[in-house]
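Just one chain is shown here, as structure tokens, and it is the form predicted alone.
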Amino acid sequence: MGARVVSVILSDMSIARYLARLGYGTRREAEYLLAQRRVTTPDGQVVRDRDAFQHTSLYVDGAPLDPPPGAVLLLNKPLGYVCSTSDRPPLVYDLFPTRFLARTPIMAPVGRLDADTSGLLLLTDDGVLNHRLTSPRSHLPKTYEVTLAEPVRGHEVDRFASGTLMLQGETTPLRPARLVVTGERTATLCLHEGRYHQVRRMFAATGNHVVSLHRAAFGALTLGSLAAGTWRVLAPHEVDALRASATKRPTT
């Protein structure tokens, strides 16, 4: 599962084709890398196009390959960055090597964080997993840290937890959500769904306005010490946990 799919020896695909799928250029450009002896093993041995290989056994210009197919990346998205490949920059892809945009399939965001929201964003080229994590049937909790324009009035906790709150323009009520007030104008909010601009619209329904919004957790995943604008590859056990928890019923 996850990145494990490339841990076995790959003998049915040429190295040039594999590198092209990872965005290291066209097939011909990847063949040129090989011809220039720029593709090696970790200990510097030159490899040939039809050699059997593992993802971890290939280096390009002395550096390990980018994450393998099926990987899941965790990014600490800064404010101002857009989750798109073609919108007005800066884009979240500006935080990765430029060849990420040439990967086939592309590393796509799992859901979206708008430009005015910072924090934890997942990306993967595993379309099945992406769909599973963003499906309305997924019950993965997502936790946000919220700063408000006006003081919390006190009734929001019960209203958000009621399962009856209806957003403007919608025909079904929101699932129960857990609000924890952390200060006069600050709170954390845990959701089990991801409707369009949901957090901002929830507080707007109570007569308040979100000044800043930061996603602190996605399921059991947190940012930890990951600095804004940096990313890491999830370990296989973290991907397994995401898959398992995506179908669990919320306890809120």
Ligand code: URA
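The first residue of the sequence shown is number 1, and the count goes up from there. This one's a predicted model, so the numbers in the text were calculated from it and none came from an experiment.
What comes next is about the form predicted together with the ligand, which does not appear here.
For the options Val146, Leu113, Leu75, Val110, the one in contact with the ligand in the predicted bound form, meaning a heavy atom within 4.5 Å, is Leu113. Note on contacts: among Ser57, Gln198, Thr188, Asn208, the single residue with a heavy atom within 4.5 Å of the ligand in the predicted bound form is Gln198.
When the ligand is considered in the predicted bound form, Ser138 lies well away from it, no heavy atom lying within 4.5 Å. The shortest heavy atom separation between Leu213 and the ligand in the predicted bound form is within 4.5 Å.
Shown alone here, Thr117 lies within 4.5 Å of the ligand in the predicted bound form, counting heavy atoms only. Listed stretches are 27-35, 199-207, 60-68, 218-226; the contact stretch with the ligand in the predicted bound form is 199-207, by a heavy atom cutoff of 4.5 Å.
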